[in-house]
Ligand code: 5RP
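The form predicted alone is given below as one chain in structure tokens.
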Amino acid sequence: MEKPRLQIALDTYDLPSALAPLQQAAPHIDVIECGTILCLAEGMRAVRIIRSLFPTKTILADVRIAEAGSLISKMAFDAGANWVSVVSGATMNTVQAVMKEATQRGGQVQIELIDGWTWEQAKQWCALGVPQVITHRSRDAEAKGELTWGQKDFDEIRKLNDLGFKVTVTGGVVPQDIPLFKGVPVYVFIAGRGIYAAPDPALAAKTFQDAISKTFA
């Protein structure tokens, strides 16, 4: 099984507050996410500047496309993003438009699985060639106050993987959670405040990477 990557989600209100912790954590980071908040606050300038500073890193523009797929994805890819996100509620026409831009520019598309998505939709995304999905901890479990990942989550990840998706996991992931995923086909783990708001972002990112390496050795 491929070792999962570590992604930092930069959901800050401006570039300076994103760049300071990123520059510390970057040696231990595989994917840099220009978060939705950062993209709204700074626009594609955030993607362009982070691309210029980290030319070899994979960059996600978490623009959560719902419509105008061709225009928004083109802006993100042209700014230097490798990946863009699309919400699961977007129409198939929108997903198809984003996929067309991604194919032309050598990028990739992630579907953000929000409440209400179906397995029939997942099969249609597969048919369109979408390579990645982003999944969250079970909303039902969270509503019950269950703060750990459970079998339902792992089964969903495995089923998505069996369909052909690379699966990113997000939702309050902490290093102590990583061993729970042993044997589960995770492509990327996302951490946000757990890294960028940590007293020592470099140490926080290394702690995540150490947990990933140990679990998926």
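Bear in mind that the values here come from a model prediction, so they are computed numbers and not experimental data. Residue numbers run from 1 along the displayed sequence.
The protein also exists as the form predicted together with ribulose-5-phosphate (5RP); that form is not presented, and the subsequent description refers to it.
* Taking 4.5 angstroms as the cut-off for heavy atoms, does K74 touch ribulose-5-phosphate (5RP) in the predicted complex? -> Contact check for K74: no, nothing within 4.5 Å of ribulose-5-phosphate (5RP) in the predicted complex.
* To do: Verify the contact flag for I32: yes if a non-hydrogen atom of it lies within 4.5 Å of a non-hydrogen atom of ribulose-5-phosphate (5RP) in the predicted complex, no if not.
  => Although ribulose-5-phosphate (5RP) is absent here, I32 would stay clear of it in the predicted complex, with no heavy atoms inside 4.5 Å.
* Any non-hydrogen atom of E101 within 4.5 angstroms of ribulose-5-phosphate (5RP) in the predicted complex -> It does not: once ribulose-5-phosphate (5RP) is placed as it appears in the predicted complex, E101 has no heavy atom within 4.5 Å of it.
* **Contact test in the predicted complex: R51 vs ribulose-5-phosphate (5RP), heavy atoms, 4.5 Å** => No, R51 is distant from the partner.
* Which of these residues, A46, V186, V63, I190, gets a heavy atom within 4.5 Å of ribulose-5-phosphate (5RP) in the predicted complex? -> Looking at A46, V186, V63, I190 one by one, just I190 meets the 4.5 Å heavy-atom criterion.
* Of the residues G150, G164, G171, P179, which one places a heavy atom within 4.5 Å of ribulose-5-phosphate (5RP) in the predicted complex? -> Here the answer is residue option G171.
* Given that the partner is absent here, state which listed stretch (38-46, 65-73, 151-159, 171-179) has heavy atoms within 4.5 Å of ribulose-5-phosphate (5RP) in the predicted complex. => Comparing against ribulose-5-phosphate (5RP) in the predicted complex, the contact stretch is 171-179.
* Any residue of 1-19 with a heavy atom within 4.5 Å of ribulose-5-phosphate (5RP) in the predicted complex counts; write them all down in order. => Residues within 4.5 Å: A9, D11.
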